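Quick heads-up: it's one chain on its own, the form predicted on its own, in structure tokens.
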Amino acid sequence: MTSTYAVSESMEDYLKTIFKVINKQHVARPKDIAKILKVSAPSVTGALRSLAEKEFIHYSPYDLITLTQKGENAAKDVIRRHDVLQNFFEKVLLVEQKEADEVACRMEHVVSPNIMDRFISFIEFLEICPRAGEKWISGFGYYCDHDGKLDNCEKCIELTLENLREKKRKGGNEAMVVKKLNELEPGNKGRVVKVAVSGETGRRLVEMGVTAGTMVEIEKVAPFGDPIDIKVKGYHLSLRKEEAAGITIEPV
């Protein structure tokens, strides 16, 4: 078990579940946890007491469950590992959502921080490498669905080189196109060029990896453009419109 918070796989499942219940219902009760994890009430009570002793949650019998800051950080760490793995299985390996989720639930407890960083870097590499991208992944899907057959490899390489040369020609004649993060639409991706956000939010962004060169994806934009939900290095962040306006992006 690779968590930096010294909890077992079972306890990580409890923390993740508590976090999600609180986010959805604003409050968490033992019966909610028991129902989701499909365990008995005594098992839940024992787990909650253990988490409270380790200062991951605030808990007393017949009361609501809340996460401490330590518990919230630990829960987010587990959820991030799960999201990165599921994203890799679905978007790179083209595995169905249900199976990807189930396998990620098992692997999230054992993957090391170094391998997690490699997963994230590999996904980013696929998005920016001229030889990869969506077409390359689609080709992998074709390979899997047609008994390992590879067709038109030479044509694929020729098109890749042609596209790269065209991009270089444009790059030599045109200035880099950049936008503010708040100007992008859901599903858009881009590389961070500059972060001009100060204060606590600026520090939080740096801690989450929002620095120059990092890939960012817009997940959801609320009505009137506030807040804006983004994904970066496996983290899901919610930014105010004015905060997003301080981040300059080069769309890809």
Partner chain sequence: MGKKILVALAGNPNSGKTTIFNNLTGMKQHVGNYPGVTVERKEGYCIHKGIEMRIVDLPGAYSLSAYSVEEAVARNFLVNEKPDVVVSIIDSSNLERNLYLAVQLMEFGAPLVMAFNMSDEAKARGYQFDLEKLSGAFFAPIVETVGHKQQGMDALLDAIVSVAEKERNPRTRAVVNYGREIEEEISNVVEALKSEAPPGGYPYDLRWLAVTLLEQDKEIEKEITTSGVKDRVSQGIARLQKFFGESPSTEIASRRYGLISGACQEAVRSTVERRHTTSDKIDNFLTNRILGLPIFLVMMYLVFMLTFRLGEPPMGWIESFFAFSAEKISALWPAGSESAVKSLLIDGIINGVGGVIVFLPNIFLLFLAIAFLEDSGYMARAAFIMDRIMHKIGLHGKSFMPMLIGFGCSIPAIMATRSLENRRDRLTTMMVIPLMSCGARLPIYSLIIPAFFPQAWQAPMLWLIYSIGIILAVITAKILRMTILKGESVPLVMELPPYRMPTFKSVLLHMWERGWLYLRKAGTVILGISILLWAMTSYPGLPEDHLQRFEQQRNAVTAENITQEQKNERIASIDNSQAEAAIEYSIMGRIGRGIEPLLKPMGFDWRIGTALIGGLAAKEVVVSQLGIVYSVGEADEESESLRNKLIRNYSPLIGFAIMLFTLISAPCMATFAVTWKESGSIRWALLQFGGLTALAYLITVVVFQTGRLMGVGL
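We call the rigid core the largest set of C-alpha positions that still match within 1.5 Å between the two forms. Numbering follows the first chain given and starts at 1. Please read these numbers as outputs of a predicted model, since none were measured by experiment.
This protein has a second form, the form predicted together with its partner chain, left out of what is shown; the following refers to that one.
Residues with any non-hydrogen atom within 4.5 angstroms of its partner chain in the model of the complex fall in just one of 93-101, 158-166, 132-140, 72-80: 72-80. Shown alone here, Cys105 lies farther than 4.5 Å from its partner chain in the model of the complex, counting heavy atoms only. Its partner chain is not shown here, and in the model of the complex it never comes within 4.5 Å of any heavy atom of Ile128. Proximity of Glu183 to its partner chain in the model of the complex: non-hydrogen atoms within 4.5 Å are absent; the residue sits far from the partner. Arg203 belongs to the set of residues with a heavy atom inside 4.5 Å of its partner chain in the model of the complex. For the candidate spot formed by Leu85, Ile123 and Asp145, no residue has a non-hydrogen atom within 4.5 angstroms of its partner chain in the model of the complex. Although its partner chain is not shown here, in the model of the complex the stretch 227-252 places heavy atoms of Pro227, Ile228, Asp229, Lys231, Lys233, Gly234, Tyr235, His236, Leu237, Ser238, Leu239, Arg240, Glu242, Glu243 within 4.5 Å of it, in sequence order. The Cα shift for Lys231 between the shown form and the other one, taken after rigid core superposition, is 2 angstroms or larger. Comparing the forms between the shown form and the other one, the C-alpha position of Ala244 differs by 2 angstroms or more, with the core used for superposition. Annotation: Cα of Lys70 displaced by less than 2 Å between the shown form and the other one, core superposition. Legend note: Cα of Phe140 to Cα of Ile218 is at least 3 Å farther in the model of the complex than in the depicted form. In the model of the complex, the separation between the C-alpha atoms of Leu67 and Met208 grows by 3 Å or more relative to the displayed form.
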